[in-house]
Structures are given as C-alpha cells and as structure tokens.
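A single chain, nothing else alongside it, follows as structure tokens in the form predicted alone.
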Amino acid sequence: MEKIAPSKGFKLKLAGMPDTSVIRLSRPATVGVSALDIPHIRPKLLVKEKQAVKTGTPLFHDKRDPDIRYVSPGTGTVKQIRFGPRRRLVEVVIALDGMDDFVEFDPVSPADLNSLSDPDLTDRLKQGGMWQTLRQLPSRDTADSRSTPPLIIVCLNGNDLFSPHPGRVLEDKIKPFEFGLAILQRFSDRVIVAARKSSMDRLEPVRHRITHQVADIYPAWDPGAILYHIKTKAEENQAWYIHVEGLIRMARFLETGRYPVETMVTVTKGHDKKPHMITRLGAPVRLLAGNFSPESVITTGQLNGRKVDPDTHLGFFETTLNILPDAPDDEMFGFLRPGLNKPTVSKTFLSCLVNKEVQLDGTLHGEERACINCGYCETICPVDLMPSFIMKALHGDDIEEALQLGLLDCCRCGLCSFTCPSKIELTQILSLGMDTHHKDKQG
C-alpha cells in the first residue's frame, strides 16, 4: 500500500463530524432526479408531467450520448418538472406510489461477467442509468466510453470533509464491492483504490484491496489530488474515477437487473452529532435536513459544494448536506478581536494556537478587493498551483498561459477561495476556465 502525504491542504478542525451510527429514514413522499450537480450535461427530457413511471424508467438523457440515461429512483407519477433560468432543467420530481415496480434487465452474476463483451457491458450500464457514475479527469465529465482509461481511481471517501464513512457505506456490501472492482478491470488494467488514513480502522475487510492511503489533509483523497501525486506521464491526465457509492450501485444493478434505490447520506449542523442516514436516492432536502433556521445556508460541501434550495431534492452525486449559519451581524473592528472561534489559515486569529473545533458559516466576512499577491492561495493549494496567476491569465483571455500554469490540475477543492484575504472567488474563476476549455475542445 502506497502512502500519499501532501504537505499542503486544509488542516483545521471543523465542528459537525457526523456520528458513525446509522438510522434508516422512512419512505419519502417524493423523490427527484436533479440535474444541477451533473457537469457538462445537455439533458433532453423523456417524460411529461402526470406520466406514470417505474423504478428505472428513463427521465432524461444526455444529448451528447442519448444512450446515457438518468432514470427514476422510484415508482409513481411525474409530479413536477422544474426549470431554472434559460429553461435549464433543475429536477424531475416523482410522487411515489406505495410499492416499487421495476424496469427489469437481465441480471449478470460475477461468474457471468466475462461472457459479456465490452460493448454489451457498456450499453447495459448506460441503459440502466449507471454509466455516468464513471467520470473522467480533468474535466470531471462523464467517462468517454470510446476511450480506454490509463487508470481508474476508486475513491472510498467523498468530496466533502463529512461525507459518509466508507466503513459504513461498505458494511454488508463487500461482495458488491469486489464485483464492482471486477467490472472496472474490464475497462482498465490499472485500478487504484484510495482511502483516508482515519478511515482505515473500519476498512479491515477490504484492506487488501486498498492500494493508496492518503493523509487526513483535505482534499488529499480527491481523485484529482491523488492523480496529481501519482501520475508519471501526460496520458494519465485522462484517468477515470468513481466513488464507492456509485461502484456498489453499479455492481448491484448488474447482479439484480434492477436499479438500486438506496443511498447513505450525512447531515452536518453546527456542533450536532447526527447519525448516518440510509434513504432513497433523490430524497427531499427538507426530509434530510430536519429543522433549521430560515437564515441558514444549505450546501453539499463545506468548502466546495453547491448551494441547495431546501425545497428541492438531493443531487445525483451528492451524499452530504451542510447546514451553515448565514449572515451574522457585522462585527465592529472584528479583525482586532482575538477570534478564538474563527477559522484562520493566515494565523490572523488566536484560534491558530489552540487545537479546537471551529464552525464555518456562509458569509465572506468582507467584500471583494483587488488581489494583493499575498500568496496564501499558493501556500494552501494541494496541487501546487498559483491560483492568483492563473486567474490573471484567464482574465486576460490567455488560456494558453493558464494551461501552462497548470489550470487542468485544479481539483476545485475551494481552498484558494476560502483562504483568499481579498475575498476573490478563485475556485469559481478557475472552474469556469476549465469548463470553457472543455466545452471548446468538444466543439
């Protein structure tokens, strides 16, 4: 087992670590398939409101590859199709019936896997709504089925600090996990399994499968950060990756011929110790979040998640909700106060001297100012970028210089924005540059 220990990243303690106990939530009245967390997709609707659907019925597909389908995680009636600005699809909401009626596919046992040809395996995963769990770096788009990946990274830990513990996700799922790895080996000879050091205590049953142990420094377990530290040639920049939840769902789909509908999520709320929750894919945010202040901000990541409307449903790739306090009153001469409870990277506050959990909130604590070349973004970047210089290249429409400065290595972790004393949304700027470059390449 190789060890990856980057020296840069986020090392502060945050309040809200979820309890590792598990509860099962009751069946929700509605489920939704959100399109907001799916990068680069061009969705085309396949259903209408009031239409009856089964579990596994395609709701929309990706226009770039109509075989890649996003399917219903429940049986019922299409209650609402929500659109955002410019008619962008937000989500398809299903009002659930009492019982599930599945779209049936021919099951494939682990012993029968080798009898499937590669095109048949790919088509089956696309038709069943499973292919998109495989994603491709550096754009994080859906994996290109026409290419052969140089390696596939299996991430046992999610993209958030408080994502579900992989030990809990894998509990009683060792066989699907092993089957999932066998499926990935059909696409690449090199499959890497990475886990956080602090997760290893509950991963003994799969320890022999873990090839890389990463340090507990956010975002060392992100697939982009892992690839940055292990790659030896340029071709590896096109690696695929998959999170463990998607890998298990893929294996269960093939083995049963039915779309798996359960997922595990965590909710982070102040200093509360909330348990892990088993619920249905696309469960309502309000059901998961429980009671919260109307001034709260709900995100899917403490440092790099999207802001979530509480009246919507959990996204396709999302397993974490963070409820953060918003808009506290401005503090007069706040920068002069000791700040024992304030997170700080620049050591402005005394909290840097005590080993104490701190609470993030949803405000900037200041307004955007001009970049002063302080270099804090560079000292925290886990992939050794100089975000402020890349930002200036992008602002000057010099994409070639931005690429030479390593733009495509950015893992969108959010740390440069978090640490910037000038309150510049560096992550947003770099992400937009990467997405624009990817769109231009697609033509």
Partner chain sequence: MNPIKKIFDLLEHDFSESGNFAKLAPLFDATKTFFFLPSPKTRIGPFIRDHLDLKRYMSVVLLSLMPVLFFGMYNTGFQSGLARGESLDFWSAFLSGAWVVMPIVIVSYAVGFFWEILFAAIRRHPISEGFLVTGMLFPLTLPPTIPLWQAALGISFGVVIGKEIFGGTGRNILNPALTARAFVFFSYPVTMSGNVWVAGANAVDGITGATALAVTADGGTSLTAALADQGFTLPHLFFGLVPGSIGETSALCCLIGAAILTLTRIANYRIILGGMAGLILTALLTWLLPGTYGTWADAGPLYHLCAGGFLFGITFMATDPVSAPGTNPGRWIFGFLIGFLTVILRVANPAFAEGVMLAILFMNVFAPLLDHLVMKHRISKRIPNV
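None of these values were measured; they are calculated from a predicted model. Positions refer to the first chain, counted from 1.
One more form of this protein exists, namely the form predicted together with the partner chain; it is left out here, but the text below deals with it.
Student: Heavy atoms within 4.5 Å of the partner chain in the predicted bound form: which stretch in 38-46, 25-33, 375-383, 54-62 meets that?
Tutor: Going through the listed ranges, the match is 375-383.
Student: Does the partner chain come within 4.5 Å of any heavy atom of Glu295 in the predicted bound form?
Tutor: Close contact exists here: in the predicted bound form, Glu295 approaches the partner chain to within 4.5 Å, heavy atoms only.
Student: Taking the partner chain as it sits in the predicted bound form, is Gln428 in contact with it (heavy atom to heavy atom, 4.5 Å or less)?
Tutor: Gln428: yes, in contact with the partner chain in the predicted bound form.
Student: Evaluate Thr77 for contact with the partner chain in the predicted bound form, applying a 4.5 angstroms cut-off between non-hydrogen atoms, and reply yes or no.
Tutor: No, Thr77 sits far enough from the partner chain in the predicted bound form that none of its heavy atoms falls within 4.5 Å.
Student: Is there a heavy atom of His438 lying 4.5 Å or less from a heavy atom of the partner chain in the predicted bound form?
Tutor: Close contact is absent here: in the predicted bound form, His438 is far from the partner chain, nothing within 4.5 Å, heavy atoms only.
Student: Only one of Arg190, His271, Arg286, Arg306 comes within 4.5 Å of the partner chain in the predicted bound form by heavy atoms, so just point that one out.
Tutor: Exactly one listed residue reaches within 4.5 Å, namely Arg306.
Student: I need to confirm a contact call. Of Arg140, Lys231, Arg168, Lys126, which residue comes within 4.5 Å of the partner chain in the predicted bound form, counting heavy atoms only?
Tutor: Filtering the options by heavy-atom distance leaves Lys231.
Student: Judged by heavy atom distances of 4.5 Å or less, which residues of 149-178 approach the partner chain in the predicted bound form?
Tutor: Nothing in the stretch sits within 4.5 Å of the partner.
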